[in-house]
Each structure stands twice: as structure tokens, then as C-alpha cells.
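First comes one chain, alone, set out as C-alpha cells in the form predicted alone.
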């Protein structure tokens, strides 16, 4: 199962609303179950450098079917995934990437958000993911 464009746009809209509510500007990427980009939104004034980061967060969340912050915890020195961020043409292992599930609990894609603190990135991504 894959996320549809309509669902991806709904997730982006929810994420944008959360970003506005917490007064930040975000880059928001949605990938499908195969980690292919489906939709992208860059809020006016969002950092250009965060564009690629948001896409990589979404891909990382889908590649490993977990929040990117969890991947980050596991990739610390001595961790079971140490240095994994160098695989797959570069991963992002800090918060802001969240898998997206359908009503049955199947992962259909992921959202990646970048443009603020990792706490804000995660909050915005989680809001987008839960909108589906």
C-alpha cells in the first residue's frame, strides 16, 4: 500500500498548520512506501538548507520504519547502528522524520520535516503523520 497524493497533501497541510501555530517555517517532504518523493512543501522563508534534510528524514523514517530520532539514539557510538547515517547516500538520524500509517496500521509512507529545532521538527512531522 502506498500513500496517495491526496493523503500526502493532507499531511502537508496539517504540518503547515502546526508550523504556523508554533511560529516556524518548515520544509515538509512526503515519501511513499518505496521511499519515493510524493509531495513537498516549502513554506515561504524556510531555510534552503533544510530542503534536502527534510527529504532525507522522510526516507530514513521509511527505510527503517521508525522515527528518525530513534535511529539517532541507536546510531550513537557504541550503539547497534553506529555510523548508519553514512549508508543509503546519507541518512538523517535526528528527530523530524516519522512513518505514516493507514487505519490498519500498515506503513504507507513517511514525512520528513526540517527548519527549526529538532523538537519542533518532530512535533510538526508527527502532526502531519497523524492527519492520515
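Small disclaimer: the values here were computed from a predicted structure and weren't measured. Residue numbers count along the first chain shown, from 1.
If you look for the form predicted together with another copy of the chain, you will not find it shown, but the lines that follow are about it.
*Asks:* Taking heavy atoms only, is residue 41 within 4.5 angstroms of another copy of the chain in the model of the complex?
*Replies:* The answer is yes: residue 41 has a heavy atom within 4.5 Å of another copy of the chain.
*Asks:* At the 4.5 Å heavy atom threshold, is residue 33 in contact with another copy of the chain in the model of the complex?
*Replies:* So residue 33 counts as contacting another copy of the chain.
*Asks:* Is residue 106 close enough to another copy of the chain in the model of the complex to count, meaning some heavy atom within 4.5 Å?
*Replies:* Residue 106 lies outside the contact set for another copy of the chain.
*Asks:* Report yes if any heavy atom of residue 70 sits within 4.5 Å of a heavy atom of another copy of the chain in the model of the complex; otherwise report no.
*Replies:* No, residue 70 is distant from the partner.
*Asks:* Which residues from 51-72 come close to another copy of the chain in the model of the complex, meaning a heavy atom within 4.5 Å?
*Replies:* Heavy-atom contacts to another copy of the chain in the model of the complex: 51, 63, 64, 65, 66.
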